[in-house]
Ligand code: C2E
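This document starts with one chain, in the form predicted alone, laid out as structure tokens.
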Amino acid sequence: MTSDRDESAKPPSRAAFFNELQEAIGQFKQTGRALGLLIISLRRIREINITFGYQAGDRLLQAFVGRVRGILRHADSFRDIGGNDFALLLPSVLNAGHAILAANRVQSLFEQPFVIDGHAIRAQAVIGIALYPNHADSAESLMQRAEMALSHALAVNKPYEIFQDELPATSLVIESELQRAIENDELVLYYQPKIDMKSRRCSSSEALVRWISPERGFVGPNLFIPVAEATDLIIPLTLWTLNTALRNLAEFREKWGEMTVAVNLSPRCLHEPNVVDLIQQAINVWDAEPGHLVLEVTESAMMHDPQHALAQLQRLHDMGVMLSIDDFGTGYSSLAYMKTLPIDELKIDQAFVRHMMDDEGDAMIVHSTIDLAHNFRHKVVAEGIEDELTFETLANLGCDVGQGYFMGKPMPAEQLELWMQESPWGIKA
């Protein structure tokens, strides 16, 4: 196997790999053995470059290539095709299952962080898969269909996708149907309770948008949220969510008194010039107190134009809106901006919470995050609590708020009312 991120090697172009692919197809015509093509796109490299420098990004790519070397067969070919994309050519593939197995093995290389210049950095990859002659009759069409599968995987937030005939139209169809769903009020908000760890009562809830399509039935958020994020639909979708949540919040507070509601604010929305004005308008329309609204933003929201994002967050903070950093610990910006971000809480990512009882590293991350947040006078929310032991451990560590299936799953507003009356975590009506 030859690799292309060696210090002394000049990465071959996509055209050079295309010639290699043509040769492999020519050999197939002699042997009759199918070929598998995986296009691997590394994600978050731009964030890594911004945070740690371009040399760190290059070293991570080199480290990734080194890990791939350890899983390849002698006949496999792995090439850098530019733009943080790689091509893995698998000769003698028996069926699609073998190509998917290879994709899973590549994904397993990201389970452990890459240690670069003393930093433990977590990277991600998305993979598109196509087979010859199953999906294509030429090198050009094989490359094209692997790229189409990759694009679909990115659109629906999946680790990999294998080519299917209907893939090209999927994202466009979802985009069109989602726009209609927003206009025709086919969406519904689910609410997941957030529990005060001291009082052990529901103090807030997170609003989560769901889509019930007349044609498709229940459409999972992992399918339509990435499509909305990639288009201008994320703006009207967020505004619909915000207005519906504030309308429901007025009803919640009338029934249960002190309640707040959390709404996710996507990175794209945060960088819209008029988003703060639109949020203020929604608050005014529903006569809500700004302090009863929590806007959750991810660490990645700060990566593109950090100064503009900080200015937007400061305006929201000055309005009195509560701000939360969602998925804390999965990105690279929060520690650097912790001193200046006008935030009220950190939300520990569920990936750390779910395994904290049997993974010492995750337990240390959770404990350190709670201490760090409290030192900055921020509240801490732990999501992904699935059992009593995890809840009690977090409570003993001083975590302020808990969220997870152990206390309550996301549910429609009417079901939340019943839950509040009957659950030991609820506020009795």
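So that there is no doubt, residue numbering starts at 1 and follows the sequence shown. Source: prediction; values computed, not measured.
Here the subject shifts to the form predicted together with the named molecule, a form of this protein not shown in this document.
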{"item": "Touches the named molecule in the predicted bound form: I116 (any heavy atom, 4.5 Å)", "value": "no"}
{"item": "R201 within 4.5 Å of the named molecule in the predicted bound form, heavy atoms", "value": "no"}
{"item": "Contact flag, N284 vs the named molecule in the predicted bound form, heavy atom cut 4.5 Å", "value": "no"}
{"item": "Contact of Q192 with the named molecule in the predicted bound form (heavy atom, 4.5 Å)", "value": "yes"}
{"item": "Listed residue (N84, N134, T260, T241) with a non-hydrogen atom within 4.5 angstroms of the named molecule in the predicted bound form", "value": "T241"}
{"item": "I234, V276, M143, A96 - the one with a heavy atom within 4.5 Å of the named molecule in the predicted bound form", "value": "I234"}
{"item": "Options 286 to 294, 120 to 128, 220 to 228, 175 to 183; stretch whose heavy atom lies within 4.5 Å of the named molecule in the predicted bound form", "value": "220 to 228"}
{"item": "Residues within stretch 35 to 49 having a non-hydrogen atom within 4.5 Å of the named molecule in the predicted bound form", "value": "none"}
